[in-house]
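Just the one chain here, the form predicted alone, laid out as structure tokens.
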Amino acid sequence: MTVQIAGVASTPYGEHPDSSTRELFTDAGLEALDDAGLEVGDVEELYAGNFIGDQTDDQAHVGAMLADYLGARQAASMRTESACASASSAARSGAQTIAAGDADVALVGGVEMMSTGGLAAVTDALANAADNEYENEAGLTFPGIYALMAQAYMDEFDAGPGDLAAVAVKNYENGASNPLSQRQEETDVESVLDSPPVATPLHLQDCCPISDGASAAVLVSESYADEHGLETTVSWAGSGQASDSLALQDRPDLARTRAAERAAEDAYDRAEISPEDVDVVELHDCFTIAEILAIESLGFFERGEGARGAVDGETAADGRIPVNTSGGLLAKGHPVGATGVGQLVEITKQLEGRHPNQVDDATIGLTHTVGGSGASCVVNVLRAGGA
């Protein structure tokens, strides 16, 4: 059964000190339903990504809590957790439910409140996506883990800190045009390299910010869209999800994300496309090196050549393969439980022709979200055209 994207919405990403997890999700969910022309009572299934809410909010049973506050108590509700890929997993679960014929309307989304608990508490909570016994207890945090990946890449290939900085420059520029973006300023290579060091070779502007936010999408079956006169213009084309070793030390190559390679291959097969068919991409750039690794894993560049993507303008909004026209995690922000559906919101807008950094004639879009340092990855493909 064909799955359609009926409506999408997102709160701005950033700090929301006067809001809460349930309020942010409700704001995004109601706006997405309004975009779809549906009511809360139409929702049959609710899948919500949330990673650290049981620690930062002291609240578990998140799926039921969000359905309750939204007013969708009739819906089957579930929280999905796959670290930073939690919302992408939620969207994939909703799409699979509809494709199987088990429901006609699913509200998928994600939410995270990260700014209210303080940097130390959030850093500790995020570290749970790493291997506690072999990484956290050794003192590693995610900036350190991705710094090791960056060092391995630069040791193996002809790349340097300036290539990493070019990714930040591109994504900051895109984010400055996106009203949903947390970082609304541009930067340059010199400023990135002069920003405070975090973990060599990563500087502060190589790293995504701490963010609050929520995003939501309404998925419907094609038959439901037809029966209810919904004018959908984007369809779900395919999805892939894969895993890898949790600890970085157990991977044969630190400069390669094999879960992303496997997830992408599965998604391409299901969508019956190749990397050359993709017109626009939203991917997981939690650190600048992550974007470089991702564009190689997704098949847009050969291994060792991804470092030139931003430098040569190939991943710019008007480049060969536009990447993170939203600003990405680096500029738009990264409320970890919401990010994956936030990416779907951006791709849907691109395919509908209403994005602030619109790519000409975009018909196929892809999202890529990574959990931890690459132990999990979800790749989703959308296609222009609806019921």
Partner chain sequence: MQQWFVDFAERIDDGDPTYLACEECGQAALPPRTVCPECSSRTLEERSLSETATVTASTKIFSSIPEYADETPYIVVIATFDEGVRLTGQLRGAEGIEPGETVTVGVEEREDGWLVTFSPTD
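Bear in mind the structure is a predicted one, so any value in this text is a computation, not a measurement. Positions refer to the first chain, counted from 1.
Just so you know, the form predicted together with the partner chain exists too; it's not on screen, but the next bit is about it.
- When contacts are judged by a 4.5 Å heavy atom cut-off, residue 144 counts as touching the partner chain in the model of the complex.
- Shown alone here, residue 151 lies within 4.5 Å of the partner chain in the model of the complex, counting heavy atoms only.
- Interface residue remark: residue 200 is counted as part of the site for the partner chain in the model of the complex, having a heavy atom within 4.5 Å.
- Contact between residue 124 and the partner chain in the model of the complex is found at the 4.5 Å heavy atom cutoff.
- In plain terms, the part of the chain that comes close to the partner chain in the model of the complex, with a heavy atom within 4.5 Å, is 247 to 255 out of 83 to 91, 216 to 224, 247 to 255, 263 to 271.
- For the options 191, 116, 136, 184, the one in contact with the partner chain in the model of the complex, meaning a heavy atom within 4.5 Å, is 136.
- Of the candidates 230, 140, 210, 72, 140 is the one whose heavy atoms come within 4.5 Å of the partner chain in the model of the complex; the others do not.
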